[in-house]
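Just the one chain here, laid out as structure tokens, in the form predicted on its own.
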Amino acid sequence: MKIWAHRGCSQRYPENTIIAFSKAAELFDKGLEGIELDVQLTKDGEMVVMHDERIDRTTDGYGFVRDYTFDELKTFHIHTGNTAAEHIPTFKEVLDLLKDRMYKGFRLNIELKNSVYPYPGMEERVHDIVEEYGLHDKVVYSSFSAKSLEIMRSIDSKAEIGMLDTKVSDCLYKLKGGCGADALHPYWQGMDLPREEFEGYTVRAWLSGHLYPEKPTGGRLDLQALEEKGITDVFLNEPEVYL
């Protein structure tokens, strides 16, 4: 079972922040496969790392990412407890942090947050940045939008692509619709098919659960039971306790 840090170490540190990614990167030597994060575009076309389309939940600001320029977004704060407040990072800032480990094999799952707003040109933009850093073979592109992944496949026939959805059956259906995905990315409780029906595919399951600030998890996951259902990888908020 391969373990990924979901939005960084997001149970003990604020999700999709430099500190959450830094703590996750420190786990590379302990066997962490990589980090999952989310990207969106600002009003002026800057690629930033942010999960929600709105900034309300994780910052002291209000409104949609797409309605602000990057300079405007930088005025908002992400509170981190005992450490200094952070700001919404750019995708390049995160790559600058992770690139040395990625050159050694650490991986990055980039979720294109474009199933609500399509962000025209997002696929080309993120691909260009990854190519600029020479990390094309260290990333996985994922999205709930099969059309977006189809665009990514047309840009780069060798890109590794994961089809996101809640049920593994829906992931498989969209994959077979022509988006050219290599992997299935279902919700961990959405394994509604016998594993024989998706044999041969990488299955990276995403989990919900508590994000920062830290709360009790109520026990550890039985990774062996998930593996028996055909799951090969998991995106966890607290990967540090499983390594």
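Residue indices: 1-based, along the sequence shown. Note that the coordinates shown come from a computational prediction; the quantities given were computed from them, not determined experimentally.
The next section is about a form of this same protein that is not shown, the form predicted together with a small molecule.
(message) Is the small molecule in the model of the complex close enough to F21, E33 and L98 that every residue in that trio has a heavy atom within 4.5 angstroms of it?
(response) Verified in the model of the complex; spot residues all out of contact, no.
(message) Using a 4.5 Å heavy atom cut-off, which residue among Y119, F106, F144, F91 comes into contact with the small molecule in the model of the complex?
(response) Checking each option against the small molecule in the model of the complex, the one that comes within 4.5 Å is F144.
(message) Which residue, E160, D170, E111, E150, is the contact with the small molecule in the model of the complex, using a 4.5 Å heavy atom cutoff?
(response) Checking each option against the small molecule in the model of the complex, the one that comes within 4.5 Å is E111.
(request) Spell out, yes or no, whether the shortest heavy atom distance between H51 and the small molecule in the model of the complex is within 4.5 Å. (result) Contact check for H51: yes, within 4.5 Å of the small molecule in the model of the complex.
(request) Considering only heavy atoms, tell me if D38 and the small molecule come within 4.5 Å of each other in the model of the complex. (result) Residue-level check for D38: yes, a contact with the small molecule.
(request) Report yes if any heavy atom of W206 sits within 4.5 Å of a heavy atom of the small molecule in the model of the complex; otherwise report no. (result) Within the cut-off, so yes.
(message) Even though the partner isn't displayed, in the model of the complex is F235 close enough to the small molecule, meaning a heavy atom within 4.5 Å?
(response) Yes - in the model of the complex, heavy atoms of F235 and the small molecule come within 4.5 Å of each other.
(message) Only one of 111 to 119, 132 to 140, 150 to 158, 98 to 106 has heavy atoms within 4.5 Å of the small molecule in the model of the complex; I'd like to know which.
(response) Single hit among the candidates: 111 to 119.
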